[in-house]
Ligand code: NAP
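What follows is one chain in structure tokens, specifically the form predicted alone.
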């Protein structure tokens, strides 16, 4: 019998993974916040995956954070700002040798989570898969992508990658996951905040070429200073390629703001500006972008942390 995947967070990526694992016959359990959310979930009858316009519901069992069943494998799919506290609440349930797969955007939350559960193995993931929720407990698979997984402190690949293959989740084990995470962080910082400030889809940034280029130059400087030259390589070309390839999409930060949700600014621009200050790097345009975004969020009554 396969080890059960406990999934923490019923957002777009958590639901996307849970439904595909369940479809492949892999045991999955969804962890929700409290009894009220559990009742709402049970009323819905499971998690629904919409793919190629077709909706299918999977009766993935649900439970609350306070359930006492031991956890051997935990997919942490909640937002970066929730990850540390949510995992801390589950720490006592983690079995010896438990493994956590961290699907958070940006950087900073991974180290914070690992510090809370020193007894567990924490594996970082960087995904380019596109998905969005069109209702509670429902996800629309919007764009096929790829997920890189890795553990900087323990480069040997785990055997459960076979579950991802069975579930049709395209993936690769990366022995240099930090490079992947820094690269994705830079892409997000060059694209997401601008889509919010210019109120546009990703493709709208093609009208702001100079601004994008300036940010890419500063991000390249930062990555090289941080010892991440591979993440810095041809960054502007990659950003422009992503803008073109995802022209019709709204960035995740744009969707958060449009839905009056807290953004992950602290783990994206906030992290970049913090690291720049630590290295005494003068990156005026990134700093100014952070200040503009904070002011914009405040004007909408949204938090900026």
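Positions refer to the first chain, counted from 1. Model, not experiment: these values are computed from the prediction. For the two forms, the rigid core is made up of the largest set of C-alpha atoms that agree within 1.5 Å on superposition.
Form predicted together with this ligand: not shown, discussed below.
- Taking non-hydrogen atoms only, residue 33 approaches this ligand to within 4.5 angstroms in the predicted complex.
- Using a 4.5 angstroms limit between non-hydrogen atoms, residue 104 touches this ligand in the predicted complex.
- The closest heavy atom approach of residue 164 to this ligand in the predicted complex falls outside 4.5 Å.
- The closest non-hydrogen atom of residue 202 lies beyond 4.5 Å of this ligand in the predicted complex.
- Checking 283, 21, 10, 293 against this ligand in the predicted complex, a heavy atom within 4.5 Å turns up for just one residue: 10.
- Among the residues 181, 215, 80, 120, the one placing a heavy atom within 4.5 Å of this ligand in the predicted complex is 80.
- Per the 4.5 Å heavy atom criterion, this ligand in the predicted complex is contacted by stretch 129-137, the sole one of 91-99, 151-159, 129-137, 220-228.
- Contact residues in stretch 251-268 (any heavy atom within 4.5 Å of this ligand, taken in the predicted complex) are limited to 264.
- Relative to the superposed rigid core, residue 250 undergoes a CA displacement of at least 2 Å between the shown form and the other one.
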